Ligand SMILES: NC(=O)c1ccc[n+]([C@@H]2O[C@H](COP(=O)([O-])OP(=O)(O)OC[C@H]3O[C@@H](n4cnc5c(N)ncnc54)[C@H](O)[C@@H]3O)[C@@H](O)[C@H]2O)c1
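Next comes just one chain, in structure tokens: the form predicted on its own.
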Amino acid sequence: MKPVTAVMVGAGQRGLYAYGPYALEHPDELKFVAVAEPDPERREKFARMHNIPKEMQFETWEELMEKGRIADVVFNMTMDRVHFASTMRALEIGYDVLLEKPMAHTAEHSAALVLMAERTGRLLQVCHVLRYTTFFRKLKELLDDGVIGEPITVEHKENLVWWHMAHSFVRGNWRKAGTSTPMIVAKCCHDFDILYWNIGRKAVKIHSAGSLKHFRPENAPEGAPESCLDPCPVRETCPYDVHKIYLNMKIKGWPVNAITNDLSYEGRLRALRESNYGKCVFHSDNDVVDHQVVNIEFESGVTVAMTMNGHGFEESRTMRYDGPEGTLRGKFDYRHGVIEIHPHFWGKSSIKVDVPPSESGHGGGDFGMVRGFLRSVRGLEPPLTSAMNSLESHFMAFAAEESRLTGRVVEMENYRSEIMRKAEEIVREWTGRRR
């Protein structure tokens, strides 16, 4: 059987390092035949890795799409605000698409992508990699087996480690909602997807609160300069000092390779001077939250309290599911996971399940998802999560942000209806303009 042919649109962190390597390890399953990437060094590096000729290397996704359908599928790993137009065009041309999360920068555009996929008859799959991890598959299996009965209440926490918060959401590409997406969407659509998957019902009501509390100018230590490269009175004790993170020559991969392709000391220093990554975390232009709580009521009566915490001591997700027959507690830190089951019966012992690490990033989710996508493209199995299911997680995330901004409870039935109405208009406008 010939490998599925693919074009990579966006050879950044996810395209270059997370999903692209699958083709190198499994050349019988996947082959990249073209790449579109504005950064010439990343574009050329991806092309070298996958033996892509010069004529199949493009600076923009528009240039690539002008060639028509030159492969079976598109891996769309562009930035959030490029997702909508590039994916609409790919579906229109006839590509099946694997799309990095979040689907788009608004709920309406996310829904429009799903409608476009349905109308063109193409497969659209969103990179909800957590469904493909060993840990969350085991968690789903245990809940489906009824180890605690039907869940009644759930606590779920996305614990973002402090330096990741600073890198991506204070200094980095997702620091401003107006140029990317709200943090609860960009970071936690994964979490809403897992909750929707495990509970198996849609949300009825959502209320949310949160703010940017810590990374603000008024919280800067006295005398702290705007640039973290300038002399600073608290450099030795500041956890966000760029010298400890980006100028640490022992760190060869992420997050350093996200700010520069030149990993020499001089290259790193130049990147910090020329970009926002060199800013003091208290003097950046960030506006996304650093903590947010979302309360959700589902159709089945299950209540959920979900927290996004940008001040964790480690990168992890922790959770607790309480049911009439027991309590399930879990922790997943991308390397391994632990699940504890505490039955509600006298004399019955608790059970501990250790979940071992897996073959790729995100606890095996990266490669697991690519493998699943390719099998779906071949018609061997349905996607573990459809585009419509992914849309529900995005509805919850965007509704949470609306609630946070307005202080109101969002009634999800009305919210969905209004978003879908707007999405229909967007698709009509798009197809009308393309005629």
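Fair warning: this is a prediction, and the values are worked out from it, not measured in the lab. Numbering starts at 1 and runs along the sequence shown.
Not pictured, yet referred to below: the form predicted in complex with this ligand.
Partner contact region in the model of the complex: 97 to 105, out of 97 to 105, 225 to 233, 132 to 140, 206 to 214, criterion any non-hydrogen atom within 4.5 Å of this ligand. Not one of M165, K279 and S316 comes within 4.5 Å of this ligand in the model of the complex, counting any heavy atom.
Proximity of W61 to this ligand in the model of the complex falls within the 4.5 Å heavy atom cutoff.
This ligand is not shown here, and in the model of the complex it never comes within 4.5 Å of any heavy atom of A117. When this ligand is considered in the model of the complex, W174 lines it closely, a heavy atom lying within 4.5 Å. Interface membership of C127, defined by any non-hydrogen atom within 4.5 Å of this ligand in the model of the complex, is confirmed. This chain appears without its partner; in the model of the complex, the one residue of D287, E92, E297, D80 with a heavy atom within 4.5 Å of this ligand is D80.
This chain lacks the partner; the member of R122, H109, R268, H362 within 4.5 angstroms of this ligand in the model of the complex by a non-hydrogen atom is H362. In the model of the complex, this ligand lies within 4.5 angstroms of at least one heavy atom of each of the following residues of 22 to 37: A36, E37, in sequence order.
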